[in-house]
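Take a look at this one chain, the form predicted on its own, written out in structure tokens.
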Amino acid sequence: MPLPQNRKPDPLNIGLMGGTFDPIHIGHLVTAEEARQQFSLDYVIFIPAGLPPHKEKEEVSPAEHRCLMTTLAVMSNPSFIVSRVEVDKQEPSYTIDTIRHFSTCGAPGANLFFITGADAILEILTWKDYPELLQLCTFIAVSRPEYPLEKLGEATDLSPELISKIHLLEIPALAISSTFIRKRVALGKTIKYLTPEPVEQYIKKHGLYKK
């Protein structure tokens, strides 16, 4: 997935937003747009997981469905791009593998910002090769009331220099989740305005999330 040609004299600022996106919803898009504005990102790249290492294969919809729904959701925003780097892999993808890809060939020379939830950041010490991860990119931790990021300072294995590479992003509260949407579809309830209309129509057409 080549990036649009860089016409800036300075390196591009690229946001990377991974997830299962099963399905992608308004909360994901609001988060990406807020991160783009607050951190002066040139592009936000959405990276649907192929084989999430933390979930059983049966727990998620096929990767092609999730990738296509993500593409439909972002197509109206020229600053949003979808990458198949994890979808096309035949093995589980870890965050460090994806960051290495973009730092070497996906977006060489760019300043990388990884966008994720504050709850995930608080578990960063359990991530594969996390010291290298914090060297390669800056983290944008999306705030959630029940996960105060101050707890990260209690992690004695992280130096102040590395902690300084994790920034908090506060966004408007949106009580929307992919799990909530799947449950509503299974119950035959509307999901209008919870996800972009093209995604809503895709779910209906392919009969996703039905009991």
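Everything quoted here is computed from the prediction, not taken from an experiment. Don't overthink the numbering: it's just position in the shown sequence, from 1.
Only in words, not in the display: the form predicted together with a small molecule, which the text now covers.
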L168: heavy atom within 4.5 Å of the small molecule in the predicted complex? no
State yes or no: in the predicted complex, is some non-hydrogen atom of P108 no more than 4.5 angstroms from a non-hydrogen atom of the small molecule? no
With the partner left out here, check for me: in the predicted complex, does some heavy atom of F114 sit within 4.5 Å of the small molecule? yes
Please check if I163 has a heavy atom lying within 4.5 Å of any heavy atom of the small molecule in the predicted complex. no
